[in-house]
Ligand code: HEC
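Encoded as structure tokens, the following chain is the form predicted alone, with no partner shown.
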């Protein structure tokens, strides 16, 4: 009789444990995993040796580590801001998604999902060369910057060409502009011209002014890859002519005809950026979530743009 009771109790206990662990939604986790992909791969298999594979990892372990990063019992300057905004449901969903893949690599994970398009970083090493013919007016050293850029590679790519479309490409961007953005991220909400981002805040916290200059010089020395946008007639019209009736200034005045910007004036290059990133920034300027534009020039323009305008401009600028 005791054996029967123990068996029943053990069975109930085991069932409760399984229910407690298996409470995440893998489909919801897939949508939430976009920000994890840069370091851990879209299917949980990292192409970067210093970051762990999450594919096939146990759900309870993933949840435990995310909670530890969030409460500070496990410290990491990259993971702390990534975990800070996660709810318990988010953690469970992410754990369910990554644990749904078999342990062992991109090929197995791709086969399980039917996705055979592995990220480029997972299939080929990026060759990084520094253009030594560029003169940097901000005092940055691109060779030194390349070493310092190792921690940027997960999101922005080894040469500044991000494989994740929501992150900006830094390659070919003006050195001074990059240094300014890093300084603005470091200032954060403490400055009116600061730029608030939970991930970047942790990444720039320890950077000196010279570090920022060196990083700017390195990424500026790199060649940007082709954007994912398509030429768009409305976007072209707005870019080159604006819309006088609605008081929309032409983008060409600051970003130039080829979209390369004006480095010394810290007007950024917009050509070949991905559509998703360009769209997000225009929306942030329009809503006021991003406020580090000089003399509010971007906010004054973006607030007059419709969703259709923004989509068209993002497509056109990306196609340049």
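Residue numbers count along the first chain shown, from 1. We call the rigid core whatever largest set of C-alpha positions still superposes within 1.5 Å between the two forms. All of these numbers come straight from a predicted model, not from anything done at the bench.
Not on display, but discussed next: the form predicted in complex with the ligand.
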Counting only heavy atoms and a 4.5 Å cut-off, does the ligand in the model of the complex sit next to every one of 249, 290 and 317?
yes
Heavy atom within 4.5 Å of the ligand in the model of the complex - the one residue of 187, 155, 224, 96 that qualifies
155
Can any non-hydrogen atom of residue 213 be found within 4.5 angstroms of the ligand in the model of the complex?
no
Test of understanding: in the model of the complex, would residue 236 fall inside 4.5 Å of the ligand by heavy atoms?
no
Residue 78: touches the ligand in the model of the complex, heavy atom cutoff 4.5 angstroms
yes
Evaluate residue 199 for contact with the ligand in the model of the complex, applying a 4.5 angstroms cut-off between non-hydrogen atoms, and reply yes or no.
yes
With the ligand taken in the model of the complex, which residues across 175 to 201 come within 4.5 angstroms through any non-hydrogen atom?
177, 178, 180, 181, 182, 185, 195, 197, 199, 200
State yes or no: after fitting on the rigid core, is the Cα displacement of residue 269 between this form and the one not shown at least 2 Å?
no
2 Å or more on the CA of residue 32 between this form and the one not shown, with the rigid core superposed, yes or no?
yes
Aligning on the rigid core, do we see the C-alpha of residue 67 shift 2 angstroms or more between this form and the one not shown?
yes
Might you say whether the CA atoms of residue 32 and residue 195 end up closer or farther apart in the model of the complex than in this form? Their distance differs by 3 Å or more.
closer
Given a change of 3 Å or more, say if the Cα atoms of residue 32 and residue 194 sit closer or farther in the model of the complex than in this form.
closer
